[in-house]
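Next comes just one chain, in structure tokens: the form predicted alone.
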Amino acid sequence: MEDSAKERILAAAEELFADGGFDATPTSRIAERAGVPKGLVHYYFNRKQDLLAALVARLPDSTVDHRRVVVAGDIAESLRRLVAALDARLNASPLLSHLLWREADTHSAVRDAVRARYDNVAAQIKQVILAAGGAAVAIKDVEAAAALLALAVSYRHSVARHSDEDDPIDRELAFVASALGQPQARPAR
């Protein structure tokens, strides 16, 4: 029973923080939404900040095995596959993703977690570009391309704009692949 109460508290906090913000959400409201006494919130989480830290820890792992997405010789398709895998992981918790991006400017633990995710995404993009492009890729350009695409992916996730319609990320992926010396046509949908 205790684990389910803790989970209800975390779920309520995630929802309320995402809706109204961390600072504007009292622990009494979290307890009410979770259906638990306020004292139980403080039993599991000494401070409201501890609730936020626990939510940061719940972010889904954003590491993708690059061997599952790389198409040798096709940087654009490899990057499309990587972005799709990253999207699937973050779509598993869009409310949590929204909450963390919302609170990144005011809470250092959240800002650090968001920065670590950005660094992880940039490193994965770099790894995929190098694996897909092989010796044909100019190493000096890979860092800039990885940083650019990591910013684009991070932006998409921060505003939760995951749509199957004409996604501008496809144009960016094709642009980067072309700039790295591998022009690729966008696949038909």
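The first residue of the shown sequence is 1; numbering continues from there. Because the structure is predicted, anything quoted here is derived from the model rather than measured.
The same protein also exists as the form predicted in complex with the DNA; that form is not shown, yet it is the one meant from here on.
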{"property": "Output flag, 28, 40 and 44 jointly within 4.5 Å of the DNA in the model of the complex, heavy atom basis", "result": "yes"}
{"property": "Contact residue in the model of the complex, chosen from 48, 66, 156, 126 - any heavy atom within 4.5 Å of the DNA", "result": "48"}
{"property": "Stretch in contact, per heavy atom within 4.5 angstroms of the DNA in the model of the complex, of 117-125, 56-64, 32-40, 135-143", "result": "32-40"}
